[in-house]
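For reference, the chain that follows is the form predicted on its own, supplied as structure tokens.
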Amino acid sequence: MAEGTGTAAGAEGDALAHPGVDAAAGEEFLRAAMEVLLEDAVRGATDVTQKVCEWKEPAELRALLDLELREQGEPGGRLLRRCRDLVRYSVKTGHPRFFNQLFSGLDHHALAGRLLTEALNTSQYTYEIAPVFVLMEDVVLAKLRELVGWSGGDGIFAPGGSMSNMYAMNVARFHRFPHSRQSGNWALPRLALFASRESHYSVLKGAAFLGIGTDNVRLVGTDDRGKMIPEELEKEIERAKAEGAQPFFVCATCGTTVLGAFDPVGAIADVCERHGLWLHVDAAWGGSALLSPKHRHLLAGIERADSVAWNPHKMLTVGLQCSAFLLRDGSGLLQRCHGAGATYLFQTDKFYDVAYDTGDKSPQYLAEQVRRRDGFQLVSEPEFINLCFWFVPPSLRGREGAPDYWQRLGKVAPAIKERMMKKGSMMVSYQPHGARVNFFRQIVTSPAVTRADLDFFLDEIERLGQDL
């Protein structure tokens, strides 16, 4: 944190008279930091004449970097030197001679996209908070499914292939045992899932996380090239059944971590069909071969899978982490399995198509103003920085005893939200909670907010809801 940019938590009075950040100084620092980024992290780190890394042992590196967390901030110049040190002593994964991982290289256009997402700092769960990114995600996922060979389906981006594989296990379990979502593993028979001995460790990790248990992961034999042997899969399934377990899931791997082997998906799909098992293809590494006419044959039969994991952050040079979990089912299975129905995010009475809501993700001064103003009513006294309140338009004031009062009041917040969104004046969330009808939830965390901003917030709600 740079000197002079800190804020005093809970400060009142003059603290609201001006923004708590120096925007001009911040922009000056950002320009200088972008120069470091371009010169050191882009040009220097991709220069073949430079080192891939400047290795230091942990104790030496800790001393060089001076990582102590201090009570006070540091001058901008010192922060810029720290930025340069960070690049200097980091591994240059964009270097032409970096061959260490399944990802490498630096794509300037992908980097620009990452800078934009960081600058906009939003989340993907609803269209109202990330309209552009939600539509982009919808189009990209559809294209990836098309490359797999599906005309429809569903999907979501995940933070890495491990999570995509875990999503697949959970959806497969839910598909086979829909009551598992509510009842948990206690209500299920002993499950069995299958993957090759060369499969990614995330299969075992996912089984542990989901309560299935690593003992119930049957590792299937592979040939000398690292490919799963379908006949061995069949034997393992029969063995699990004989032992009283319930097979439900098979994970084929297209691009194993060490050998780069592609399991024979078509033959494995035949086995899964005979036994009624969910087929997931972990194509985190090899999925991008689908874009190559020369190598696409390595994934022959992938269109028969029920789900696919594919990591664009590997061969497509997208930044870490980026994994697509793709589903052949288009009936809403993913939503039914994972949706939590958080009413503060996923309201059904929004003014736009909620199918695009895919995530299913100073208080004292303002509270005092809410208490003083006609038409504003606290839902409860704020305990932290969440301020929850109703705006009661003039048409409903004094009608609290009317039989349709709460039903009508519940429609006020959605209507005001629609108006403010279309006007572009501000954004605030609303939601119901238990038996309480829709109310606004206001949270201030930005140090740039002033008293004038808070006054405008209440004035604008009043303006937008006056005629409701």
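Start at 1 and count along the sequence shown; that's the residue number. Just so you know, these numbers come straight off a predicted model, no measurement behind them.
Quick note: we don't show the form predicted together with a small molecule, though the next part is all about it.
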Query - Residue among 222, 317, 93, 321 with a heavy atom within 4.5 Å of the small molecule in the predicted bound form - result: 321
**Report entry** Contact assignment for the small molecule in the predicted bound form, among 116, 208, 102, 300, heavy atom within 4.5 Å
**Finding:** 102
Report task. Kindly indicate whether 170, 216 and 247 are, all three, within 4.5 angstroms of the small molecule in the predicted bound form, using heavy atoms. Result -> no
**Report entry** 4.5 angstroms heavy atom contact with the small molecule in the predicted bound form for residue 288
**Finding:** no
Query raised in the report: Though only this chain appears here, would residue 165 touch the small molecule in the predicted bound form if you measure heavy atom gaps against 4.5 Å?
Result: yes
Query raised in the report: According to a 4.5 angstroms non-hydrogen atom cut-off, is residue 155 in contact with the small molecule in the predicted bound form?
Result: no
**Report entry** 4.5 angstroms heavy atom contact with the small molecule in the predicted bound form for residue 253
**Finding:** yes
Query - Which of 236-244, 198-206, 68-76, 138-146 sits within 4.5 Å of the small molecule in the predicted bound form, heavy atom basis - result: 198-206
